[in-house]
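Okay, so here's just one chain, in structure tokens, the form predicted alone.
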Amino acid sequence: MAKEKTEQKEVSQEYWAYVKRQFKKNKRALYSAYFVGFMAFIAIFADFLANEKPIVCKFQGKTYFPIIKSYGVSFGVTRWADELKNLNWKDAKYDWVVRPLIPYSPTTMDLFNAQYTSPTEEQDIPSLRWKHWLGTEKLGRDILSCLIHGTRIAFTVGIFSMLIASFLGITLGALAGYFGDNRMKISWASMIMLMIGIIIGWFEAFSARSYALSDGFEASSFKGFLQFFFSIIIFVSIVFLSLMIGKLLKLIPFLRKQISVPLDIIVQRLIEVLLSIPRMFLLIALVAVVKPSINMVTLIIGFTYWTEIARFIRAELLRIRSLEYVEAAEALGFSSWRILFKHAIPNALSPVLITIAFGIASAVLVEATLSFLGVGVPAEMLTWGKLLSEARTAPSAWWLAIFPGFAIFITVTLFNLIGEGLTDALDPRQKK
């Protein structure tokens, strides 16, 4: 009996089990996924891999965890002790200390090895422990440390921007594909209050809180996204309250009349408007009018890259809404919203996963392009694109072009290979 269960498990024909097996057959995509996982590890633990602050140290008889402490300080939940506020972490006299593998942060300036120190030439360092393995840039900042922390920036922009784009694309595309132009009925009361709620909600959540959002993102990513989350809650709450008031207004006979909302036309026209504007020009224009911040770059990319996802899921929903199980659910009296979110959307996500994989690669490349052009990113932040831009002014500093360029090439290629692997795995015609 146990043997039969094992065999049944091995030949499981469940869809996602089949996708997993097909994906594993594509060795390039599988190894790319493993390497992306390794890069994600570097991105998450960048502060513990390259930092001028020690991982743990004993200073003046007390044990400190400076890197962990710095997280609490950036979140605003703790403060530095007086003896640590202006401490030179590199030259301080510790009782004992455990440093990261690379003892430099991206902002650490080694003035003894400034002016483009090559990784192959002799460096002015006290010991091999302090060597700049990939050289330095003009101000003496370590290139390897910048690449490690640049991995975090690239993954943050790529993943979080596509999360935003996925939410918008899936929501708008699903509504357009499932309801079309005449399947969503709404009363005049609800329509009027919905429009009023959207206008008031946008003003109260984003316009009136613009300074709070700006100050939050300036303080730290955590505070910025926390303020953005509060704005989303305010917006949703106001829209929901408006819809509740709309239900009360249905007591008026004229406002009770039902009308069809042409969701499909609205979403398609919105997509066409965004696609009619060259995307890079649109991004540069939007980034140029806001304060330079990698978080704002992430938000702008997310709010402009949802169109492809919306088009794919709309096409899938047009097909799925006429299938037997959707008709059966409608015959059983299930609400349209339950059918959409519980049955239709989960079965339409296959092509979206492919689009997201390619979208992450595109977002990483866009961030590097904006950094290269010097827009959207703070001047003191060294990203892969910023290093490439600096290489233009110093053609002899070959390491400024080779290493960041290779990092961008590898990252974009890996996500593209994963996208190709998903394309094959999610295609039933590839089944053997």
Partner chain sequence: MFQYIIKRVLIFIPTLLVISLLTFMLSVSVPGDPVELMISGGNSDNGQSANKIANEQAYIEKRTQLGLDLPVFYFSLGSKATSDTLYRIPKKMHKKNLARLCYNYGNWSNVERYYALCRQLELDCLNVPADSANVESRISIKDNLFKLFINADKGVIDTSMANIEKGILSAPSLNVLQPKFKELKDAFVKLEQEKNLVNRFIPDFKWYGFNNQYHRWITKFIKGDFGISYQDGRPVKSVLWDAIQWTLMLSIFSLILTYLLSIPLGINSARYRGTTKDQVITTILFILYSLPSFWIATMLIMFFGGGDYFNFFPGFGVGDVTPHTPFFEKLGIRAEHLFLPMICYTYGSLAFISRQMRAATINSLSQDYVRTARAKGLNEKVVVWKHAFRNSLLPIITLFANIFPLAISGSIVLEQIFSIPGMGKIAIEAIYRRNYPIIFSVVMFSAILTLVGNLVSDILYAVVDPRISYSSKKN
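Not measured: the values here are computed from a predicted model. C-alpha atoms forming the largest set that superposes within 1.5 Å between two forms make up the rigid core. Numbering follows the first chain given and starts at 1.
There is also a form predicted together with the partner chain; it is not shown, and the following applies to it.
Heavy atoms within 4.5 Å of the partner chain in the predicted bound form belong, among the stretches 251-259, 284-292, 130-138, 97-105, to residues of 284-292. Contact check for residue 395: a non-hydrogen atom falls within 4.5 Å of the partner chain in the predicted bound form. Looking at residue 408, you'd find a heavy atom of it within 4.5 angstroms of the partner chain in the predicted bound form.
In the predicted bound form, at least one heavy atom of residue 203 sits within 4.5 Å of the partner chain.
With a 4.5 Å cutoff on heavy atoms, residue 369 counts as touching the partner chain in the predicted bound form. Checking 120, 276, 322, 86 against the partner chain in the predicted bound form, a heavy atom within 4.5 Å turns up for just one residue: 276. Site annotation in the predicted bound form: the residue of 57, 375, 39, 49 reaching within 4.5 Å of the partner chain with a heavy atom is 375. The candidate site formed by 14, 43 and 345 is entirely out of contact with the partner chain in the predicted bound form, as no residue has a non-hydrogen atom within 4.5 angstroms of it.
Contacts to the partner chain in the predicted bound form (heavy atom within 4.5 Å) from stretch 187-210: 199, 203, 204, 207, 208, 209. The rigid-core alignment places the CA of residue 238 2 Å or more apart between the shown form and the other one. Residue 285 shows a C-alpha shift below 2 Å between the shown form and the other one [criterion: core-superposed Cα displacement of 2 Å]. Core-superposed comparison between the shown form and the other one: the Cα of residue 347 travels less than 2 Å.
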